[in-house]
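Starting off, we have a lone chain in the form predicted on its own, written out as structure tokens.
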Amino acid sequence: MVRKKTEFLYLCEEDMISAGVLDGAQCVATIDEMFKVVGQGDYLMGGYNENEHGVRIIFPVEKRFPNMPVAGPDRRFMAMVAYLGGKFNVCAEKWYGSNIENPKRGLPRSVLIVVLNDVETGEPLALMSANLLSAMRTGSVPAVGAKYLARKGADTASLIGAGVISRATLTCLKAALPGLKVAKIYDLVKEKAEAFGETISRELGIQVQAVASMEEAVGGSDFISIATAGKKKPEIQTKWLKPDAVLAMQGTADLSDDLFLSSTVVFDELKMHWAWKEEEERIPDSDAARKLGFPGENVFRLIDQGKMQKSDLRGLSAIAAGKQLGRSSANERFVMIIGGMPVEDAAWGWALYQNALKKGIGQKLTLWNSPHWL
């Protein structure tokens, strides 16, 4: 038997930029297509339930050995694995380590790579720098949500948190909402919001203005995105929101039960959030310091209390696939809960890999010229 040479494409961050990782329009179109595929059920994620967000190393609260890390804010290593069908037909893994102290070291909070694999042979197709990939695929999800949920003619957006994810979100929102004219940005650090507004206004050609308060940011906006990290959660009061607004949560926030109960709640993929709930519940309350929490916990609490019904919830994948309604009335308000799925990394990674192949971008690396053992 002839032994097969195996090569794969390595794409550094500069290669990813050349391949179009910052192209908001292509990213939104790709993730929209991914949601349609997921809505049809042609996907698999990790775990026996086929819907795990990822597998993470759960660090202990106290040191057990001199070099063993301990639990802390956003302190983890995680592998997010998926198969995505449809036109993608690829397996992928995103692997990353995260430490909220990293910016003090001149590093992003999380350091990410994505691997694409052939679904039949398991051979690697590509190894790629994934910080920009992950940010853009994250920012594209609320933009896809805006496409299906925002009111007709929506022209005003608000961003809570002047970080990388808000930057990616606005890039993608501009592609998803053709009528977008004004974006407001609020951050606890005023200077950071002002710098964000000046930079993004130039890049995107729309008016991005820093505002002085959460209420000013949220009030009057058609679409609001929360993308924050840290101990202090943004507090959003129901009375600040327009009755037809869409509030997308990519980070944690302090929302009242009344806001959830008076809005239509949409998850990116419901099955994943139920799996997330089950995972968190496996950690006993006596070890609560090791729990990271999960985005939909307050909604599921309301369901457990009988104040909401599981049947009330919608999923963006089901909406994209035409199995559930998006906006059904002019004054319908939405709260969109986004957890992030490895199928998103698979989809956007696959699209960028195709771009790189067409443009001759990247470096071919050899796994083996001939496998030593068969």
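All residue numbers refer to positions in the sequence shown, first residue = 1. This structure is a prediction, so every number in the text was calculated from the model and none was measured.
Only in words, not in the display: the form predicted together with a small molecule, which the text now covers.
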Q: Quick one: from 212, 182, 111, 189, grab the residue that has a heavy atom within 4.5 Å of the small molecule in the model of the complex.
A: 189
Q. Considering the small molecule in the model of the complex, which of 251, 219, 85, 197 comes within 4.5 Å of it through any heavy atom?
A. 251
Q) Hey, in the model of the complex, is residue 171 touching the small molecule, heavy atoms inside 4.5 Å? A) no
Q) Quick one: does residue 74 come within 4.5 Å of the small molecule in the model of the complex, counting heavy atoms only? A) yes
Q. Does residue 234 reach the small molecule in the model of the complex, with heavy atoms at most 4.5 Å apart?
A. yes
Q.
Please tell me whether any heavy atom belonging to residue 47 falls inside 4.5 Å of a heavy atom of the small molecule, as the geometry stands in the model of the complex.
A. no
**Q.** Candidate stretches 259 to 267, 154 to 162, 299 to 307, 85 to 93 - the one whose heavy atoms come within 4.5 Å of the small molecule in the model of the complex
**A.** 154 to 162
